[in-house]
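First, one chain by itself: the form predicted on its own, in structure tokens.
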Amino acid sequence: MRCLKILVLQIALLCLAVAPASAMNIEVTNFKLANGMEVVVIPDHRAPVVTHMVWYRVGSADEVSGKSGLAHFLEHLMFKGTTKNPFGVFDRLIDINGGEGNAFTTRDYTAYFQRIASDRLGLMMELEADRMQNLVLTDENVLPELDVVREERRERTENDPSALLAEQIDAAMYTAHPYGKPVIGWMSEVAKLTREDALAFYKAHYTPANAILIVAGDAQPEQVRALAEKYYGVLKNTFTPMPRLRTPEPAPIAARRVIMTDPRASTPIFQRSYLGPTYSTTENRDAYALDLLADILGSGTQSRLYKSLVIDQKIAAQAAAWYAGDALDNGSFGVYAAPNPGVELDKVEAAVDAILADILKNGVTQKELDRVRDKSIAEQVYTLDDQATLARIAGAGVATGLDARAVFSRDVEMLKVSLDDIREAAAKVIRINRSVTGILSPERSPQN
């Protein structure tokens, strides 16, 4: 009997190695309404709560030239009300029903969301369906909102030297593609936006066939379908969405460098971004490999950058790396470090370059790969405890052309990444001609 148990265990382990099961094991249902609106349902019945999100396949990269910030501006204006639900009614109904809601804009999509008791799901659909086509904009409610957006830009970007540096790095990275402009827009262009601009953008992009409904939480697919048909299915499309044609970014041929001084900077910063692929633009394992490589290089105290620069050499107070691969067109792979007092940025940059050169020459170790892969998969499993995060993951994936189920199987794909995959992905991306290096330092007086 004991031998039989051992044999069964060996067979089970062999099957696991051949076809690993998804640790997330998410049940996802997706379908389309007759008007083209896509619907994704992610059941989670642990609490009588749902997260309801409507995503539009439009972001700052879809704005016409000279109108930067328009997608974000319209996001603000979507709360100005309709004939049926005048200004303030939308938010008040959410509040009195114990819910919360907000919205956000990125380069590739704009999303509106509410988290509320599951028996109020129909009410949320009714409210969102109403403002999808019946938004009322006047100069009286549009022009004051421009002041709000300008103040938001001052607060989040212009008053933050590190945010300004990141903005300048993006502007230098993209010579042709619209990712080079900030989502919130350039102040000179935002100040000139009008009610007519907002209405034209609304009519050109907000329609069921250009929208995605995500419902995560205490709801069954059949229930969501019935409610979606009732509230969204009756809406007629005001236009037929066309392919999102953006100017492709040419293959980089020259390294770029941004040097910025600002007396408000509390510490110098070295930052470098490399133009890279995304999960949407690569059919191989490059995106998964870069995600894992970013963790090996700069996630946590066990990462190469932190151990070398902060612990061993003691030349930096902070060191990190990242991979942004969830966009529609281009992604970025980046490294960052802030030197200790008295340490020149040149020394920190040289130390980072040495670590990157070693990665390109020798790759990473199996121990490093196993460590970050286990950590990454664990983090993905932890998202199961947050239905709002699940909704956002699904929405971001579908809005950038991915299948909802594929988004929740990244843990399985990461198990397939090899040391060679990481070395090959690094060799494609970590090239100085594909990079923009940003330097931020406090302004020094002339005598210094």
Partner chain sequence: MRAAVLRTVMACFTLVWFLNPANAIDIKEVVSPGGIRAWLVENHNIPLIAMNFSFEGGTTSDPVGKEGAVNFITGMMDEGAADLDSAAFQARRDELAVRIMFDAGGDQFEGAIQTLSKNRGEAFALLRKAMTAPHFEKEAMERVRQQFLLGAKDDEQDPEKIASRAWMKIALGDQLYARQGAGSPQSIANITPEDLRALHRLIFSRKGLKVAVVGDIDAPTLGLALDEVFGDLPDTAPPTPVKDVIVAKGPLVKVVDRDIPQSIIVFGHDGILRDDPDFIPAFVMSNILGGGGFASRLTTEVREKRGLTYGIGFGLVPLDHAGLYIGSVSTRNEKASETLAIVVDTLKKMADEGPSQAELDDMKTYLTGSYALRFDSNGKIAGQLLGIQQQNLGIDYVNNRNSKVEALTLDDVRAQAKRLVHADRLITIVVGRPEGIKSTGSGG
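As the structure is a prediction and not an experimental result, all values here were calculated from the model. Numbering follows the first chain given and starts at 1.
The form predicted in complex with its partner chain is left out here; the points below concern that form.
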request  = Counting non-hydrogen atoms within 4.5 angstroms of its partner chain in the predicted bound form, say which of Ala166, Ala103, Ile359, Leu137 makes the cut.
outcome  = Ala103
note = Contact with its partner chain in the predicted bound form, heavy atom within 4.5 Å, among Asp403, Asp420, Glu379, Glu413 goes to Glu379
message = Taking its partner chain as it sits in the predicted bound form, is Leu33 near enough to touch it, meaning that at least one heavy atom pair lies within 4.5 angstroms?
response = no
query = Any chance Val64 has a heavy atom within 4.5 Å of its partner chain in the predicted bound form?
reply = no
inquiry  = Check Val310 for me: does it contact its partner chain in the predicted bound form (non-hydrogen atoms, 4.5 angstroms)?
reply    = yes
query = With a 4.5 Å heavy atom cut-off, would you call Gly98 a contact of its partner chain in the predicted bound form?
reply = yes
query = Okay, which stretch from 383 to 391, 33 to 41, 404 to 412, 55 to 63 lines its partner chain in the predicted bound form, with non-hydrogen atoms inside 4.5 Å?
reply = 383 to 391
ask   = Any chance Pro243, Glu349 and Thr437 all have a heavy atom within 4.5 Å of its partner chain in the predicted bound form?
value = no
Neighbours of its partner chain in the predicted bound form among 147 to 178 [non-hydrogen atom within 4.5 angstroms] = Asp147, Val148, Glu151, Glu152, Arg154, Glu155, Arg156, Glu158, Asn159
